[in-house]
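Quick setup: one chain, the form predicted alone, written in structure tokens, and binding and motion questions come after.
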């Protein structure tokens, strides 16, 4: 199927360098899946991005657990990983799940075993910055002599702080995810999500990023959508799939994103949500529920030398 839209790629990060990687793949006739994987890998390797890949802030035990997902709009096949430890490119592990596994999602030790069988690159994702953030958290939360190797302090902390209330107090800045989607020369769409999850999260916590329909969804017939923010909210509302559903019902991509953010407000819950979306005609948008933050995303087609900053919409209660 040929289309009139130039192949393009969009993403949520403020550095255009990673979009160049994806645009290059598209320029050379590569698939949307290849483009989003290439771009996401560049974000995962950026040590200054503390919510994705290398340098991601660890969980409450000081361990980095990564989540990632990819979805193909042509086949609607998907691959996702959750609570993945010790692999440099979670998005490529998700791609291996999509291409080779009989399952959609693998988590924890099973995901790591699969990644090892697939010869995915292993490595230490911690940096001086991520270790410093964690060490500061531990020093501020406890007297040093209270901490031992038994991890009993985590139990004590969870009880003393009331884990639910503590999580609600985490700032929006502690929720970060990269969302990338692309359309190739065949009109095929693909979407990718990668994150280290909420900073200082409880071990084993999965957000919306590895859950198809919540943080990521893609369908050639209608478009693609992905989310970042308080992942629990997107899980409860199936936000990514809902945006596609609204477009299926005839809403524009902008109207669909607006409605989905309104749905988040209806939950009356702590935390914010952001989304990025595109339709099958190449129209793009982003949206946020945060009244104090501008919704921004970045666009690059195959003829552009630099990415273009685009402003989305802010949806109030």
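Residue numbers count along the first chain shown, from 1. Given the structure is predicted, the values throughout are model-derived calculations rather than measurements.
Missing here is the form predicted together with a small molecule; even so, the following discussion is about that form.
Listed stretches are 129-137, 85-93, 200-208, 180-188; the contact stretch with the small molecule in the predicted complex is 200-208, by a heavy atom cutoff of 4.5 Å. The shortest heavy atom separation between residue 195 and the small molecule in the predicted complex is within 4.5 Å. The small molecule in the predicted complex comes within 4.5 Å of a heavy atom belonging to residue 176. Although the partner is absent from this view, residue 231 contacts the small molecule in the predicted complex, with a non-hydrogen atom inside 4.5 angstroms.
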